[in-house]
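First comes one chain, alone, set out as structure tokens in the form predicted alone.
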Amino acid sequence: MQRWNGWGETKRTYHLPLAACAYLEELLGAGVHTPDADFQTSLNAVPPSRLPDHPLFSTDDKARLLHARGQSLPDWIALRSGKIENFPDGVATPETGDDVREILGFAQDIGCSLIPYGGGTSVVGHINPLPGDRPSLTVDMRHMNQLLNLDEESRLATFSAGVTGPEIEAQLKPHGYTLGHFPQSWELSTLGGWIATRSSGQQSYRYGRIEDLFAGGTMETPLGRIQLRSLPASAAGPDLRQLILGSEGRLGVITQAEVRVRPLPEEELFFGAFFRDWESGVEAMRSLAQANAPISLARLSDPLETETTLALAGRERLITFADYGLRLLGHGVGRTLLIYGITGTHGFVSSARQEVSALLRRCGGLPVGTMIGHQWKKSRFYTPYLRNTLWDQGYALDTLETALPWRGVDAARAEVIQSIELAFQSEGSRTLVFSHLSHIYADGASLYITYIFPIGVDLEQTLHIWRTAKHAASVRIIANGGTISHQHGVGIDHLTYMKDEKGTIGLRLLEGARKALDPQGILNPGKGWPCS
């Protein structure tokens, strides 16, 4: 069963060793334990629905509570405090595109807003009902989760849009194929959600981002159905897929998607390598990307993330032994850790391993085999559960991310980290901020920032501090030429910064498309870009 006020399945828990708790307490002070609102109290707070009865949706209070929020820090604070404020008035669970078409017609007839819902994993407010007189209806796509067609000759697979990552791979595997799209939310998030938010998987260096995988599909709009043909290439005007990618439910409800698949690899290995300092590691990452190195993944942790990752993992004896050996080899306090993957045939993996190891050594790296990489692979979808454990210990964890040219990576990292630290200091609080480069391109990289901080006794004050830090970091990202979102979309949290990225005319173009497809403004209002 999925947690109603946290991440993932209730049966899975991230174990935090005593040494890790001591590490956090030393750096941040003792965590403050605040009692959570219980489920029944929150359920009792759900107001009466403003929607009439309809066979295609439910106005059940429990369903409405479970679809009221996503996974952003403001969502967590709302759920944990019981101050949720806004709820959908109903939850629809369509099984076909025709059901979605009927639900859209209903919404148009009565003027209610309609919120597409995939796995509920949004960390920027995509699925939150907004305040106002207009009732809202959440459309949960979970029942539309089937492989509809597999064209093995063209290597194209058609799925219903509510299919989750594990469901995709489970349905492709018997045929010998994989999609290869593995965001950290992979276990819960959906294909339609990936497309609507321009998702990036952990192994995008091999398989591509979702825009590389999305070949065509179907979207239901208030004006009717849009069918996007799958073509290898076309010069017939602008590519309409690019309008749907990142549209965040503002233009329609994605019901089917045709995606490019690949044969399952014969072998896949993940490796670790250490560098003496951050600068050497960044240079190695740039070299990997610009040499078109035969890797499927590259992730470089800065010194503090390297230290914190080892501290939170426990296994003190192993860490002490590894630390001693690394220091003997000159990899001390400022060391950084690179995790990289190689995927393909047995012969390819063997030769690529030698090629990549040689490149890393030329950049000052120390390859250390597969043990660290294997541990990373085992925990890569387990790590989000750390948020639940930290909260129970009195600490909050949040992230933000961007992508920018190589020339701006170091300056942006330093300024963003400093802006977050200063924001917490100004409010009399402390934070632990660290970073990694998670996706690399020939012209730049994605910078991913994580910060942990004590929860305040007053959760409203905690939210205020978070907003202060989030804004300070976002301003520095924009000032350094970065995107406001590399992989999490816009939702509510990034809305303010869209004008800086798209410009006034660009926003008018997006709003013009929205008005053309949704003249009543019923589709996920207030998300993605500002309304005119």
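A quick note: this is a predicted structure, and the numbers were derived from the prediction, not measured. So that there is no doubt, residue numbering starts at 1 and follows the sequence shown.
Not on display, but discussed next: the form predicted together with a small molecule.
To verify the annotation, which of these, Y117, Y395, Y340, Y205, has a non-hydrogen atom within 4.5 Å of the small molecule in the model of the complex?
Of the candidates Y117, Y395, Y340, Y205, Y117 is the one lying within 4.5 Å of the small molecule in the model of the complex.
Exactly one of G252, G281, P94, G180 has a non-hydrogen atom within 4.5 Å of the small molecule in the model of the complex; which residue is it?
Looking at G252, G281, P94, G180 one by one, just G252 meets the 4.5 Å heavy-atom criterion.
Does any heavy atom of S42 come within 4.5 Å of a heavy atom of the small molecule in the model of the complex?
Residue-level check for S42: no, no contact with the small molecule.
Is it the case that G192, even though its partner is missing from this view, gets within 4.5 Å of the small molecule in the model of the complex, heavy atoms only?
Yes, G192 lies within 4.5 Å of the small molecule in the model of the complex.
Evaluate P384 for contact with the small molecule in the model of the complex, applying a 4.5 angstroms cut-off between non-hydrogen atoms, and reply yes or no.
P384: contacts the small molecule in the model of the complex.
Given that the small molecule is not shown alongside this chain, does E248 nevertheless sit within 4.5 Å of it in the model of the complex, heavy atom to heavy atom?
It does: once the small molecule is placed as it appears in the model of the complex, E248 has a heavy atom within 4.5 Å of it.
Choose from 283 to 291, 369 to 377, 346 to 354, 195 to 203 the stretch whose residues reach within 4.5 Å of the small molecule in the model of the complex, heavy atoms counted.
In the other structure, the partner sits against 195 to 203.
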